[in-house]
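One chain follows as structure tokens, the form predicted on its own.
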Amino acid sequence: MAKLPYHINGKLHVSGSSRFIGDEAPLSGMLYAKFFFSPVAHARILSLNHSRAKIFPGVHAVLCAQDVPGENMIGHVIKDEPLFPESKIMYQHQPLAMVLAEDESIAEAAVGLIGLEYEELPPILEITEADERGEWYIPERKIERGDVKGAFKDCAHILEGSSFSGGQEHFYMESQRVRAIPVDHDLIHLLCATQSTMEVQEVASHVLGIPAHRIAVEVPRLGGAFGGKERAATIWGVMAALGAYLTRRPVQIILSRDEDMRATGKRHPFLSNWKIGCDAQGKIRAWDIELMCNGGAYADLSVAILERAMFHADNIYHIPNARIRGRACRTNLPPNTAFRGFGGPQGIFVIESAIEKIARILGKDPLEIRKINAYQNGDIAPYGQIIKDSGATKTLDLVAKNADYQNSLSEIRKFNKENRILKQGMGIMPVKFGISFTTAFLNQGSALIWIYIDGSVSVSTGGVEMGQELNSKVAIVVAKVLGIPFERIRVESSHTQRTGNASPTAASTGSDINGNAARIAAEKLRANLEPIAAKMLAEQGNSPDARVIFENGMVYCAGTEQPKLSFTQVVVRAHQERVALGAYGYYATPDLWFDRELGEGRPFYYYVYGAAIARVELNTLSGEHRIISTHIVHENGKSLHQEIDMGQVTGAFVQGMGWCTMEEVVADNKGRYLSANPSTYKIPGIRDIPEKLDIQLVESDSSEASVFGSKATGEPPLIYGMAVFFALQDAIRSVKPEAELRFPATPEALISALQ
């Protein structure tokens, strides 16, 4: 195979030629949408008067709940979220009405003419209040294994604590947007910034009261998503579809940065109470944890996110006796939603906080505490899945070696003894991350491949390209199966008319599901071409029984120096002999199940293992810090593209580090987000990355891997960022041993911990 380019979209991105939704010229007669957002977080609607807005020059429609022709409901998993609220406001900046006008300035002016009368109600904003009031979307979930109560009686040490991890803004470069275009045969074509084409199509069909085949959803590419366009994009896609359906004109929605940050949900804040018991050596015998998340006004994906947090409440540790409880709480904030890691980081943060406490109480090395508790092959997770091919100990040993762990500890102790204001610390973060949608039926995907008679190839999957280079990995898979150069393959946009019923591109399954579907389709095509190739090679004097090789755009017989055929020659002959040059591939991840009543099953196809060690230096007067070094070891099977995987690990680490050190989501006591633009919400910049960042990708021959032995890289590496949090906590405890560092570790939180 020819040398692979860095990625399919590389030249387009670096030259500024990549086209995103909203970049194209306005369509003739296109209307622009602006929204009348709720000024309060919780209220009864007494009246909504848009008569003045309707007659404003240039306004073509003002739409609200009574204009919905079908079902005024976009709640998907749990039917609790209306497109427009009819009687009750549930969060501040909830869209109450949509103005469609000839340009944005007219629409904005008309929005200002809408009148709202309401009776304000006290909002619920905090997890504790929601939990005390029983404001849960569903009853408490539970996973249990062993005898927790009995095991605590035999523990030498019992520790208890409470851990909080905050929200995080997705901060994708491309804000929420959609363009809806009415076309022939009563079809609405949606160019939508979504990770889930099927959901937008399905929900829009219910809201409009028309069949799904009359709604075509296409995603050319996304300018970032990180989970924020999995469910949170649906409302905007459906709004645009409604506008186009009722006006029969194209409609465009593009949220400003402020609108996007105020109206959309974040990563779920979690509050967790825990109790852990261990023996004198630090071996954990019992683990009792209560996870509670702030889901916001509507369920969205909160239940699934809570579930994944519960599945990761053990991280890399084998705990024979465990009770894991979870409650998803309803509050009056915008519905919190999917975010890279999907609850896994929040669950892992709690057990790692407990591990740190065990090490401190016992006076032992936190690395050793982690190693003696790490999963070994044959151990059973709390939810019943047998651990195979565990890389927990291996990755911890390797990252410790790379970071020169023992010498670094000695250097830190010496530095802290000699310096009064500057203090250093070291943090460790191991990862065991399960790969699959925990809702089993979502683990399926399709691909459609056409070979054209010039030998070029078009591939369509349900996967959405959002900067993770899924398209490149799919092309690599097809190129490998067909034995053709990567450059001869075009991966098309995700489109419901080419690949219907597509699961979201999420849960780190994009390459696994879509890559395998493409592999299956490509294998069908190769099977179609092989007899034709064998016949053509036999005509040149080769044995008709020889094995046919497809490689580098050529076709030849194994073990012979006889003349070769070009791939294109074989394709032309196949077409002449009426052999199919198109194929459909379908893949469903095997052996997945989970019984939610029993809290037991096999929710994951495989696990990704890894570990990180970070070293920081903290200024105890200012609260500022620098990351001296971070070493990461990430096990990723047999990578489809090492450079892409390296980029994913790097970006995920920085995003995770930002979450736990600087990205603080702040709301006032009225439920209004105060951190709603780049001036009030800080994300990592070039000066925040470690001075030394060492990443080692570890190849493995895991029996539990995916397409061509590869493993996911999208979500697991975000968790490595928490090594920086624990390093900062370590630096603080060199001054104040019992200090508790508040999450996230902003300069204010660091100074506060030192008081």
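A residue's number is simply how far along the shown sequence it sits, counting from 1. Everything numeric here is computed off the predicted structure, so don't read it as measured data.
Beyond what is shown, the protein has a form predicted in complex with ligand HPA; the following relates to that form.
With heavy atoms only and a cut-off of 4.5 Å, decide whether L442 touches ligand HPA in the predicted complex.
Answer yes; at least one heavy atom of L442 falls within 4.5 Å of ligand HPA in the predicted complex.
Do L116 and ligand HPA come within 4.5 Å of each other in the predicted complex, heavy atoms counted?
Residue-level check for L116: no, no contact with ligand HPA.
Contact of L301 with ligand HPA in the predicted complex (heavy atom, 4.5 Å)
So L301 counts as contacting ligand HPA.
Could you tell me if W236 has a non-hydrogen atom within 4.5 Å of ligand HPA in the predicted complex?
No, no contact at 4.5 Å.
Stretch in contact in the predicted complex with ligand HPA, which is absent here, among 433-441, 484-492, 575-583, 138-146 (heavy atoms within 4.5 Å)
Of the options given, it is 433-441.
Heavy atom within 4.5 Å of ligand HPA in the predicted complex: which of H634, R615, K266, R308 fits that? Just give me the one.
Among H634, R615, K266, R308, a heavy atom within 4.5 Å of ligand HPA in the predicted complex occurs only for R308.
Answer option from E81, E663, E352, E230, heavy atom within 4.5 Å of ligand HPA in the predicted complex
None of the other options qualify; the answer is E230.
Residues in 500-524 with any heavy atom within 4.5 Å of ligand HPA in the predicted complex
Contacts from 500-524: A506, A507.
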